[in-house]
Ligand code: CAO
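Here we start with a single chain on its own, the form predicted alone, put down as structure tokens.
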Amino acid sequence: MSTTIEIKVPDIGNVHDVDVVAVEIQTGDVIAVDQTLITLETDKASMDVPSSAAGTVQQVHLKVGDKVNEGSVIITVLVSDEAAAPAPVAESKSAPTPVVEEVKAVEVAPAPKPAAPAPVEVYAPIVSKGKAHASPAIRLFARELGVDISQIAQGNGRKGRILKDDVKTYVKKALTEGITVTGGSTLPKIAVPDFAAFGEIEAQPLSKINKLTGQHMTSVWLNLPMVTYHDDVDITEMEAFRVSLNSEKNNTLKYTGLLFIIKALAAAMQQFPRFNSSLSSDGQSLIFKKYLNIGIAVDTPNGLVVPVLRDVANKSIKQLALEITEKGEKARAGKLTPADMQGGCMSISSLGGIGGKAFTPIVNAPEVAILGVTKSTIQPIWNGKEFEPRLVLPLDLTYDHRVIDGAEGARFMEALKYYLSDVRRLLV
């Protein structure tokens, strides 16, 4: 005997209206368990949804371009009674699902509405329509952003003086509400010429991940007053210990420097709790987290994703090595689940495997800080008597200045360097 069942979209976490970008089956196909049915794409990853049953496809309910939610019917399939699942397949929690990082503190700004008048050139002069109470430096800052400062009625400074934050707030409002910025138009755009006039070109559309990541980063840049603090740390002893671990007999794991950075970062965050906090959505209170999870930015063919390592303070280097290997492979294969991507307290962006001396990572809001890591180099360090070769690692700490001031940022970096310079201190 045979039974007709429905295969539905499984649990996709706190994600709604996910795009169907590919349908891999059609009516009449004979499918097997774990065979890919459709591919979904969120703002963080593309994900294949496999079948949880084997049988013959009776009807395909979705097409490319549809938007689905948890429980949406994918296909109707005819299966034998022996193969039929005893429970509704929609409740399956084991099927890989699309990924999204839940971001509540910062709203993604929609694309600016088209301007009704003729487009304003980037280099068009800004003509003030009235007197504005602002310093020359603030006027210059406004001009650089294409803002007619006379449109800002009153600032939050003394006697209504316009401050830098007032200009930023005005720009943010322009993006979110489509208000005018210069001469009756929306924010001026960069003029893009017809490149085909200069030679052969090829246009490739951005993936959804690329577009939404760009929008989120723009929103973060406009909302967060960010500071980046650069410093170096001597990791000669840490590297010697890492090499010795990898050379041990019967060792099947690969211990990387990132593992020790994760442990040192967790120790520093415990010492400075404000780095393990987030501002409330109204900006009136600070939410301290009693858990400690660290996100690791991973470069994938579909874009940047940030799987989260949980409870890192209570895990050994060996446990973290296993977990980061597993999640890195899942990220590159597009098989992360929503749980893999949510709940981060602070993130690490490491370019050490590529190169570089320094960069300015952007905070992954609603987190309040991010650590950047570049390539370590051998440098001559004076030991009091002579120069000796030491392995030096550059670090870049970006933080939300509303939550963390410069002194605390510097002290946090010193604590991080303290743990990295001698990893035995992590055991104390």
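One rule holds for the numbers: they count along the sequence shown, beginning at 1. None of the values given here were measured: they were computed from a predicted structure.
Another form, the form predicted together with the named molecule, is not on view; read the next lines as being about it.
Within this chain, Val363 is remote from the site of the named molecule in the predicted complex, having no heavy atom within 4.5 Å. Taking non-hydrogen atoms only, Pro338 never approaches the named molecule to within 4.5 angstroms in the predicted complex. Contact check for Leu393: a heavy atom falls within 4.5 Å of the named molecule in the predicted complex. In the predicted complex, the named molecule sits beyond 4.5 Å of every heavy atom of Met47.
Residues placing heavy atoms within 4.5 Å of the named molecule in the predicted complex fall in a single listed stretch, namely 296-304, out of 338-346, 266-274, 296-304, 191-199. Residue-level contacts in the predicted complex: of Gln215, Thr256, Ser72, Thr76, one residue has a heavy atom within 4.5 Å of the named molecule, and it is Thr256. Taking a 4.5 Å heavy atom cutoff to the named molecule in the predicted complex, the contact residue among Ile152, Leu292, Leu145, Leu351 is Leu351.
For the stretch 373-388, the set of residues having any non-hydrogen atom within 4.5 angstroms of the named molecule in the predicted complex comprises Val373, Thr374, Lys375, Ser376, in sequence order.
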